[in-house]
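In the block that follows, a single chain appears as structure tokens, in the form predicted alone.
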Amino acid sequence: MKIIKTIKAVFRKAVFLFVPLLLLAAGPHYGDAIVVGSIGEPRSLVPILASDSASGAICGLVFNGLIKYDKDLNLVGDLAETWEVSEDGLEITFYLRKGVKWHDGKPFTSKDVEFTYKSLIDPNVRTAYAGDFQMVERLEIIDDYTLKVFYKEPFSPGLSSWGMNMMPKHLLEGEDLNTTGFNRSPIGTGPYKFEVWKTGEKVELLSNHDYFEGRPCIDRYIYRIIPDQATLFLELRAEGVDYISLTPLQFKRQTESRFFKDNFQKFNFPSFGYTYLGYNLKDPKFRDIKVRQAINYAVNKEEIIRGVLLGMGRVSTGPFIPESWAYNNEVRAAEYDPGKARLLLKEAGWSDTDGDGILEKTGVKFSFTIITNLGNNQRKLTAEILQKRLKEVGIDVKIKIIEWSTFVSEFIDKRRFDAVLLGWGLSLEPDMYDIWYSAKTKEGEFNFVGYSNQEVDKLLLEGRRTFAQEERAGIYRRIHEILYEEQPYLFLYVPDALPIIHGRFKGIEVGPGGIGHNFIKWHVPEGEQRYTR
């Protein structure tokens, strides 16, 4: 699942590393449409409620934050033209761009920033992003285009947190953001204007010709919802979609034909995220650290990488990927050792007293259900390998595949699961407060497994108060070490990202920040355009 802390990736525009892809064509040219295929449907287009990748993809085009990451992963202005940070880190003064308008023609001003901030800290709003903004002591409007943010204490993720998408006060003031109709007809300041959302079918956006960074070259962005990966691939083959994420099998074997080489461009780069099995830590079975450690030894992650990812991924050892400066190189993945797993389970009081191959404790069989989302075959196959390996050590595992929106709203948000197979997309900022802090367990928040560790809580707060990267790295590396030791998640793998894009799209600029940073400059030469209005 892409419940993004970007997931913070939602507003920080989580970035990936891309390989060189194509020569730039002469241009730019205006027109055409890009059809993006995805298995997920947005949950909310109210940006501060958008916590999944589908919602984030749309909100990232309709709205803007005050700042953003550029091609080279530097923070640059977005709705804010410039800013000043005080020497003690307690104050940030933002100078907003003048002349920016909402899609309905109203001007964007400091009052919209204030409204967004107040909405984020409103306890009645079910946002997962309140934590960063609760660190603000007050926000002071100087004039329509200048505002000052005062922090209660030094807060290192403070500047990057203002990548949060801004909302229009004149449309949302007095509305219940949890139920507002704005969710289905959002108005932003971004490069694309909302046009239509047909549930279960598509979301369509139109280019904003008055966008402050220039008119996007591609006139329409069509987000097609196709909940099955096999069907999605057939649509790609029929050229009904232009841009999807491939499975490893599709990447290695099904797109090597002359047709795909002539018509598409595909990429392989490390994704900025990981896949995991998260336990409901309120379940008595999973409260015992020895049980969670036993499962870690019982599962062969390399088998999953070979069999499911076809070698296109790496074993995960915790909440960061190796490319992050917060990653702890000294944390080593546990070796596959079913014998050690059985020993730990025995020490935890589990034994097969009736000889049926399934462990028991106080008369209760060790049986649980893994849930994951419909349409993601990699997760389904991963769950099947987990099921097989855990049966070998005496644990009975069932698998339940659930449609995405139901999966999130009825099972994740309501904590109705034994164990859940999901993925996190990560932002460049390594702050993990929203995922691991013990108090972040309300409905819609990200610590849905119910993890609680006093040292981790203390370190998370310390990491937020520390500005020097070397000191912060030490803090996060300790958190990495604790989380892998305690195994609130079974950390599985960091998959490669495998996107494929139709070859007619030109102007794609490659850098350390990937290609998405200049999407408004992608274009299709007039003779190759396929969609007109």
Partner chain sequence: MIKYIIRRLIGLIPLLLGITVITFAVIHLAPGSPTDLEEQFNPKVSLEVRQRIAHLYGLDKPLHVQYTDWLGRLLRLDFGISFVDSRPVIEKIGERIPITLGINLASIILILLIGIPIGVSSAVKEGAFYDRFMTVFVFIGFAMPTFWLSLILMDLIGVRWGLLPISGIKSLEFDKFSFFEKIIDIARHLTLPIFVSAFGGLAGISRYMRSNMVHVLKQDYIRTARAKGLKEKDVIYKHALKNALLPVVTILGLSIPGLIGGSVIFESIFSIPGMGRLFYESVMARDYPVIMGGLVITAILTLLGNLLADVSYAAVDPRIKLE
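Quick caveat: nothing in here was measured; it's all calculated off a predicted structure. Residue numbers count along the first chain shown, from 1.
Below: the form predicted together with its partner chain, not depicted.
Trainee: Looking in the predicted complex, is its partner chain within 4.5 Å of a heavy atom from each of Asn373, Leu422 and Glu445?
Mentor: Judged in the predicted complex, Asn373, Leu422 and Glu445 all sit within 4.5 Å of its partner chain.
Trainee: When its partner chain is placed as it is in the predicted complex, which of 86-94, 246-254, 117-125, 327-335 ends up with heavy atoms within 4.5 Å of it?
Mentor: Heavy atoms within 4.5 Å of its partner chain in the predicted complex occur in 117-125.
Trainee: If you check Val456, Ile225, Leu390, Leu172 against its partner chain in the predicted complex, which one has a heavy atom within 4.5 Å?
Mentor: Answer to the contact question: Ile225.
Trainee: Consider the chain as shown here, without its partner, and state which of Gly99, Gly200, Gly105, Gly355 has a heavy atom within 4.5 Å of its partner chain in the predicted complex.
Mentor: Only one listed residue qualifies here, and that residue is Gly200.
Trainee: Any of the heavy atoms of Gly131 lying within 4.5 Å of its partner chain in the predicted complex?
Mentor: Gly131 belongs to the contact set for its partner chain.
Trainee: Against its partner chain in the predicted complex, would Arg220 count as a contact residue? Criterion: heavy atoms within 4.5 Å.
Mentor: The answer is yes: Arg220 has a heavy atom within 4.5 Å of its partner chain.
Trainee: Is Asp418 part of the interface with its partner chain in the predicted complex - any heavy atom within 4.5 Å?
Mentor: It does not: once its partner chain is placed as it appears in the predicted complex, Asp418 has no heavy atom within 4.5 Å of it.
Trainee: Taking any heavy atom pair closer than or equal to 4.5 Å as contact, tell me whether Asp496 reaches its partner chain in the predicted complex.
Mentor: Answer no; every heavy atom of Asp496 is more than 4.5 Å from its partner chain in the predicted complex.
Trainee: Within 174-193, which residues have a heavy atom closer than or equal to 4.5 Å from its partner chain in the predicted complex?
Mentor: Asn178, Thr179, Asn183, Arg184 sit within 4.5 Å of the partner.
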